[in-house]
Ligand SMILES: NC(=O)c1ccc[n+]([C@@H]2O[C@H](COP(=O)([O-])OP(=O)(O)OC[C@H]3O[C@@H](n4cnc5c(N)ncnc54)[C@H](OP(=O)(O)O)[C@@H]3O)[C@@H](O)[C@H]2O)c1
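To begin, one chain is listed below as structure tokens, in the form predicted on its own.
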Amino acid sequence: MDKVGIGLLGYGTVGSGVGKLLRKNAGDITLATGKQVTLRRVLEKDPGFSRPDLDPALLTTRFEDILEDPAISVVVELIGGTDAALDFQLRALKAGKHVVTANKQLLAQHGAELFDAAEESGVHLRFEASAVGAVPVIKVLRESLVAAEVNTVFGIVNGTTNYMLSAMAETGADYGDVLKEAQRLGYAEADPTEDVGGKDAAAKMAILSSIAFHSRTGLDDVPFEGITKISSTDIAHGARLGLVAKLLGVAKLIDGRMNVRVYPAFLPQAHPLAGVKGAYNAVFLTSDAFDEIMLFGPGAGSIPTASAVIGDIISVVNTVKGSFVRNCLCYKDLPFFPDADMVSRFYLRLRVMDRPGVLARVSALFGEHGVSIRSMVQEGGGDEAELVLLLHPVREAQFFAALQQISALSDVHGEPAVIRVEGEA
């Protein structure tokens, strides 16, 4: 029986999961591929690295030991980062080895270079685990829906922030306390900046929109906001209004132009994404061809992510040479639709002086900019009050121009809380 050697770069959380699944499911993998797929080498930079579940004979500190081994046909990169990982992937591709990766930041920043190298060498670059963990969104977009003209990719693509927002809604705790608990449970990294700041989700949306719309999107093309300004006060107000807070990745195709962003948003409680709790991910795909498809599942973790990596390895092994497109299908060069021209709905909370005429001045400024108030609730007493407003759909440039003038009023205190509202409410 033919053998396929795997060179694994990194044996951390996901890498060890890949090793475990290759051993545990060796028989199933052989049945699925007709070949013996075995772990042949593991790259770790620490010469003293050891794991009880890993044969020390497989370890090396030299990438050349993997690159120059003719028995290794698939290199799995799981070290992360964008420096050494880029070098290793490019060298592997140019040497004629297939590459499987979970490195979302690398693909979002250097995808064009990597796909070009794969195309030139006639090898595969697979990356299912880079976007939504075990949820097979990339495979669905690249294969099942390749001709379906997807016009929206919309969903929860970061498990850390979804866990935190779910916990804030369920317990009433504020952002800082929930972050500490997420770190204690292992849902958030010691440095959670990329997750809570939105950069992790932005990289995933760059990858997904590139495939969905067949036009390359880089990380720099995706404006992103995180959840650091979301308070338990706003989540509680949202709940009373029948709304649930989520960090969303939103990619839309509008009149032949793309708009790709990441931002916190309120969704109606009846929306399917509103019920996605904990560290789970879910993605909506829409098209005139099929209406809506929702894909749901664990977005992170050793075994779920490793299972996506194994799926990519099996796809590489099973693909007849020349029968599968190796690039990202980015054959278009679509322009981007300006954020300022997007039409959105907004939730707005203002702290104001509780005296006559304040609401009239706020309403007048909104009216001058063509912003219509759908509903308003006033709470509080004494010298200050809170105004909680839901606005009708409005061009974003108009809303933010009005908000700038409203924020400058002497009767308005502190920074307004602004959260977009998505879905039909």
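Numbers follow the displayed sequence, beginning with 1. Note that the coordinates shown come from a computational prediction; the quantities given were computed from them, not determined experimentally.
Quick note: we don't show the form predicted together with this ligand, though the next part is all about it.
- Of the heavy atoms in residue 136, none are within 4.5 Å of this ligand in the predicted complex.
- Residue 392 falls outside the set of residues with a heavy atom inside 4.5 Å of this ligand in the predicted complex.
- Contact check for residue 49: a heavy atom falls within 4.5 Å of this ligand in the predicted complex.
- Although the partner is absent here, residue 14 sits close enough that one of its heavy atoms falls within 4.5 Å of this ligand in the predicted complex.
- Contact check for 43, 104 and 129: all three have a heavy atom within 4.5 Å of this ligand in the predicted complex.
- Picking from 111-119, 237-245, 75-83, 138-146 the stretch near this ligand in the predicted complex, with a 4.5 Å limit on heavy atoms, gives 75-83.
- 301 is the sole member of 297, 272, 301, 192 with a non-hydrogen atom within 4.5 Å of this ligand in the predicted complex.
- Residue-level contacts in the predicted complex: of 284, 163, 224, 88, one residue has a heavy atom within 4.5 Å of this ligand, and it is 88.
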